[in-house]
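First comes one chain, alone, set out as structure tokens in the form predicted on its own.
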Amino acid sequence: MKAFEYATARSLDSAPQLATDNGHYFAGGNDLLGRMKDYITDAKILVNIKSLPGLDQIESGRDHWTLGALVTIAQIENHPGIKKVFPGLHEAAAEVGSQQIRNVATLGGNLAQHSRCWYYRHRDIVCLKKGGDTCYARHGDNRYHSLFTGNTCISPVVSNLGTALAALDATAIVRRSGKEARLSMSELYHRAWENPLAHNSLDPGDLILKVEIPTARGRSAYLQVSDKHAFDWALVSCAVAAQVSGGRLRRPRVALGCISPVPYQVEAANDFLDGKTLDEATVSKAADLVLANAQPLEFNGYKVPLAHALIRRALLKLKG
């Protein structure tokens, strides 16, 4: 790890000012410090944001809940209100890393983490995402990579919380150029769909402040499959959310993780599910629609039936 300076931000105005010259925000540090140790990320200064006021709060409301960016994954996992109102988010949080990691990892950090592609993470490989001219995974070992992408890079988003929040139609509030910008989960990651160098749509100096989650979808669920039972990245994850009235879905959302640079949704599938009752034929048709344009590569074709099964099982959990 190269030498760096360290400073603590005491206000929202001072944080971007401190980070302007090749600086990075630091809270839990699970992803950032790992990248720095492997010489993937070079930071002149780390700006500690853990003292910024109000960003570690969970606020409930009738129409929406607000979660500060410094709320830990453990807080989300263990909060009884979140478990009741947003069970899918609770389930997603419980799958993040180990208990020790969840105790320090933050909501903002989980959303903003970088690619886990092993070519990107290799200190001696200059892949497309690091400014090279080749995506080595595309014709190499791509067993953990994307089924959908809008550019040559096939590295997928791995944020559990990003996938769950996408299904819940949540909005990230981002401090950008001295103002607050509101980004849907799709917008928060869209740049990674188009630009192989991007991990998300955050600009240098942007700071995630909080996430607003509407309560309109009263039922939600999250499932993932990993190589190991615990403390492992998902091979495929699926989050679903809807309001269920009279046994019928209203405003349903299905989001897949780890198969695309963004939490992947297909509006045709969401529209098809709207107003439907849940049965095997309906959830199977929805899964077909979500995966219709999948483009499996040499070693990741197994993700298609895996995603199909997760979509069906997650949707059936909404029946209660």
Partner chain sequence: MKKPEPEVFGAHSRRTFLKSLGTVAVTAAASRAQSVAAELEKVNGEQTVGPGPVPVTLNVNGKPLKLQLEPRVTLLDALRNYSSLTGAKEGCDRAACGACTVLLDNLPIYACQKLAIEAQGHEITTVEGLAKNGRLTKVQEAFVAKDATMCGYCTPGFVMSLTALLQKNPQPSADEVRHACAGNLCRCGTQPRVLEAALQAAGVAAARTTHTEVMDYA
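Here the structure is a predicted model, which is why all the values come from computation and not from measurement. Residue numbers count along the first chain shown, from 1.
Quick note: we don't show the form predicted in complex with the partner chain, though the next part is all about it.
Using a 4.5 Å cutoff between non-hydrogen atoms, Asp38 counts as a contact of the partner chain in the predicted complex. Under a 4.5 angstroms non-hydrogen atom cutoff, the partner chain in the predicted complex has Asn30 among its neighbouring residues. Using a 4.5 angstroms threshold between heavy atoms, Leu46 counts as touching the partner chain in the predicted complex. Although the partner is absent here, Ile101 sits close enough that one of its heavy atoms falls within 4.5 Å of the partner chain in the predicted complex. Note on the partner interface in the predicted complex: the residue among Asp206, Glu77, Asp169, Glu212 having a heavy atom within 4.5 angstroms of the partner chain is Glu77. From the list 270-278, 61-69, 254-262, 46-54, the contact stretch for the partner chain in the predicted complex under a 4.5 Å heavy atom rule is 46-54. Residues from 3-21 that approach the partner chain in the predicted complex with a non-hydrogen atom closer than or equal to 4.5 Å are Ala3, Phe4, Glu5, Tyr6, Ala7, Thr8, Ala9, Arg10, Ser11, Ser14, Leu18, in the order they occur in the chain.
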